[in-house]
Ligand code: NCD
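One chain comes next, on its own, written out as structure tokens in the form predicted alone.
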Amino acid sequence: MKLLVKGKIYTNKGLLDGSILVQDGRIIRVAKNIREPVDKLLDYSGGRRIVLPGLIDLHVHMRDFELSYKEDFFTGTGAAAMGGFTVVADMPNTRPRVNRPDVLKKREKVAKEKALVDYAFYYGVPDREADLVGGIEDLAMGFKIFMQHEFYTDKRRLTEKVLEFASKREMLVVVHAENPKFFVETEMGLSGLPQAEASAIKDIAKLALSYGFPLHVTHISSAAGMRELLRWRGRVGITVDTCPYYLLLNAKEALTKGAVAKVYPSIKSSKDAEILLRRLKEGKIDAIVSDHAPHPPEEKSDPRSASAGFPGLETTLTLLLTLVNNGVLELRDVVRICATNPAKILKLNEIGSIDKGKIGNFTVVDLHRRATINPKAFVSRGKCSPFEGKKVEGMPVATIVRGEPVMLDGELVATAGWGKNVKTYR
């Protein structure tokens, strides 16, 4: 199938008023004028819409399996498409956990049947060393380590076996970096102080230096954690992401929003938010993730017992574009942190930019379309957000995956099963 996309195109050399020709899922030409018969034309020329490289979210929770009541691969990847994301990387803390080869294969089967956008998997720390076997890398991009439960516990030995395995195969290791030694009781239950993040980053960075695995620290939340990470950056291969709420909210605001804003790591002070935003603009934070973590309303009522996390796939891009419109970020920052760098972190050369030979993944945005965030209208089964009622400017208007429109003008137009595992890209 041939698709022609016309309009203002974001390229490595700047914005181009031109066209992109996609055939059988790959970009075969990018030029000012392309005139040839095609099966489908998407014309975004003559307006304020811009065609960006397809966005990538390195950290989502698609739930499914026994937690389908919270989310499944159809609703979760539908939320991704509505939010402008063409690839999502799924975390393994499911039920059952994705930390055995048979569960990983089952995960692939379920996703292949339901997904609307492309996806990647992380493998969890197994309960036995026998589940660290060759072949994991055929379906999983890397490993996820929740340090609180898997590093500072009796699973430490198995965790180090994971690090050794990852080093030998050059597989990415993504860590939730918090040391429970620095947890305190708060109105939202146990919460990590900034020192919890800094201490854990120091501990895992030492092992990265020793073993040599590629290390990625996810959802960094504090200035202290960021300072520690930067101390190691020159000595070890380490990348880092954060989430919009660590940039746009503070602890006092989170407290007034109650259980809706409960998340791990916890939202810190205004000063932390200010410093993280500064580091993002300086290019020292590599990516933005949603940490999309949907729960039903009954699990988000009492702050102490509430499940941590909330949906983010349908709000991340519009929040970032609002920062662009407010002069805080530039459009190139959004492309860098949501497309170019995530592709590099996942070592996916086929995506992340609009160039001949790349996969035809695009996110089309209207930079000045205004809206008010309304969680009740989310495609995600999670219907809450700490950004409820926030006025935003800049919205995704189309999501195209491998040359096929998945979302057009706020409507899902693809069928379940269109998405595929990025490990199968050829």
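Predicted model, so just to flag it, every value in this text is computed and none were measured. Numbering starts at 1 and follows the sequence shown.
Unshown form predicted together with the ligand; subsequent notes refer to it.
All of R279, V289 and R336 within 4.5 Å of the ligand in the predicted bound form, heavy atom check: Looking in the predicted bound form, the three residues R279, V289 and R336 all stay beyond 4.5 Å of the ligand (heavy atoms).
Listed residue that, although the ligand is not shown, lies within 4.5 Å of it in the predicted bound form (heavy atoms), from W232, F182, Y211, Y264: When the ligand is considered in the predicted bound form, the option within 4.5 Å is Y264.
The unique member of R107, H216, K114, H176 whose heavy atoms fall within 4.5 Å of the ligand in the predicted bound form: Partner contact (heavy atom, 4.5 Å) among the options: H176.
Non-hydrogen atom contact K358 with the ligand in the predicted bound form at 4.5 angstroms: No, no contact at 4.5 Å.
Exercise: N93 in contact with the ligand in the predicted bound form, heavy atom 4.5 Å: N93: contacts the ligand in the predicted bound form.
The ligand contact in the predicted bound form: F74, any heavy atom under 4.5 Å: Output for F74 is no: heavy atoms all beyond 4.5 Å of the ligand.
Proximity of A293 to the ligand in the predicted bound form, heavy atoms at 4.5 Å: Yes, A293 sits close enough to the ligand in the predicted bound form that at least one of its heavy atoms falls within 4.5 Å.
Heavy atom contact within 4.5 Å of the ligand in the predicted bound form, the stretch among 360 to 368, 30 to 38, 61 to 69, 386 to 394: Of the options, only 61 to 69 has residues within 4.5 Å of the partner.
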